[in-house]
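Given next, in structure tokens, is a single chain: the form predicted alone.
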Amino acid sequence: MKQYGALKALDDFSIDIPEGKVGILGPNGAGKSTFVKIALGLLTATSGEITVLGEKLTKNTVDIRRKIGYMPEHDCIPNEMTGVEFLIEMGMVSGMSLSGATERTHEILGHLRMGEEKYRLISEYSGGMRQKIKLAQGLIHAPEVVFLDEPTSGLDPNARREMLETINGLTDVSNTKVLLSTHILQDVEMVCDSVIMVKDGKLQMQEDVKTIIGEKSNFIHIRIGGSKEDFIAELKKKKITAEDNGRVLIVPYKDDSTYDQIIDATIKSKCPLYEMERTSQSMDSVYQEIIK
């Protein structure tokens, strides 16, 4: 738990972060950044403990930090240095030799497709390039895990797409696990293997992304006339539940016999069937249900 006076930024927040690329998804103020900063050792939890890469954070904080990369949300990079100078400096701060930091700098910036721009002053960088150099400094020491805090914030569509493609390829350049904190649902869908949904400092859901999009995607939308209550009652006799969203009734699709059961229920309830369409419930639907 993390508490600021009467405000609980994190409340009974207990999770086990799985392998791969993991998204922490929630609206602004949900507690995502607070969790990331506690995991980095930048904030201390009011109560509870956190284990990072198999070690309690309070035990060997400095040693653990050497294994962690961090791309902050806020723009806090030095404008008076070139990209190359900044990354070499960050590599040496992490304990690398000058030659090692230089070699790693060119490897990382090559992977990020910085080109000759890496020799320009950071003050001349576009928003997309500034985000890239922030990502690069989080990778310079080849961390085992990197925390990305709102990595596509402020980017135009092309720069955002390029950033997400870069994040997807992080395992190629450094075999790094990724923890991505964002309020943008599509970023999680495009990049992450699993997602943690947070609202008001509380864990709402932890699930595999493919499971949400796949196993929870088959539904039938129904519009009928007559009494919805009578129709729903007939469905219940068939052990079928229906959700009324105000516009349509939503029924889980199991197999093609579901259609027959729906038609039979309309006949027995004397409700004319106006529409019956199989559709998909995207992760957006799940997310909206959680945050509303």
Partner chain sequence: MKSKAQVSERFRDFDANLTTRPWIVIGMGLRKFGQIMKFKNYGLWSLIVIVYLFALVRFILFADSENYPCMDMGDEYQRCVPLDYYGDFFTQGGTRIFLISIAAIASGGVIGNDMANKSIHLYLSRPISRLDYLIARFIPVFLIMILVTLVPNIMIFTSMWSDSGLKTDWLLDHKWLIFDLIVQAMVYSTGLAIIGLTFSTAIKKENPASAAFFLFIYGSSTICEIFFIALKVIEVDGADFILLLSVSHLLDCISFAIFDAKYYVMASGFPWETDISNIQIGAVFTVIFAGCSGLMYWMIQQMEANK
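Residue numbers count along the first chain shown, from 1. In this text the structure is predicted, and so the values were computed from the model without any measurement.
Below, we turn to the form predicted in complex with the partner chain, even though it does not appear here.
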TODO: Counting non-hydrogen atoms within 4.5 angstroms of the partner chain in the predicted complex, say which of Arg223, Lys56, Arg66, Lys238 makes the cut.
DONE: Arg66
Task: One residue of Ile232, Leu40, Ala30, Val251 in contact with the partner chain, assessed in the predicted complex (non-hydrogen atom, 4.5 angstroms) - done: Leu40
Open item on the list: Just checking whether Met81 would be counted as a contact of the partner chain in the predicted complex - the rule being heavy atoms within 4.5 angstroms.
Closed with: yes
Open item on the list: Would you classify Lys210 as touching the partner chain in the predicted complex, given a 4.5 Å non-hydrogen atom cut-off?
Closed with: no
Task: in the predicted complex, Ser94 touching the partner chain (heavy atom, 4.5 Å) - done: yes
- [ ] Report whether the minimum heavy atom distance between Ser181 and the partner chain in the predicted complex is within 4.5 Å.
- [x] no
- [ ] Verify the flagged residues Gly128, Arg161 and Ile167 against the partner chain in the predicted complex: is each one within 4.5 Å by a non-hydrogen atom?
- [x] no
- [ ] For the stretch 73 to 102, return the residues whose heavy atoms include at least one within 4.5 Å of the partner chain in the predicted complex, in the order they occur.
- [x] Glu73, His74, Asp75, Cys76, Ile77, Pro78, Glu80, Met81, Phe86, Glu89, Met90, Met92, Val93, Ser94, Gly95, Met96, Gly100
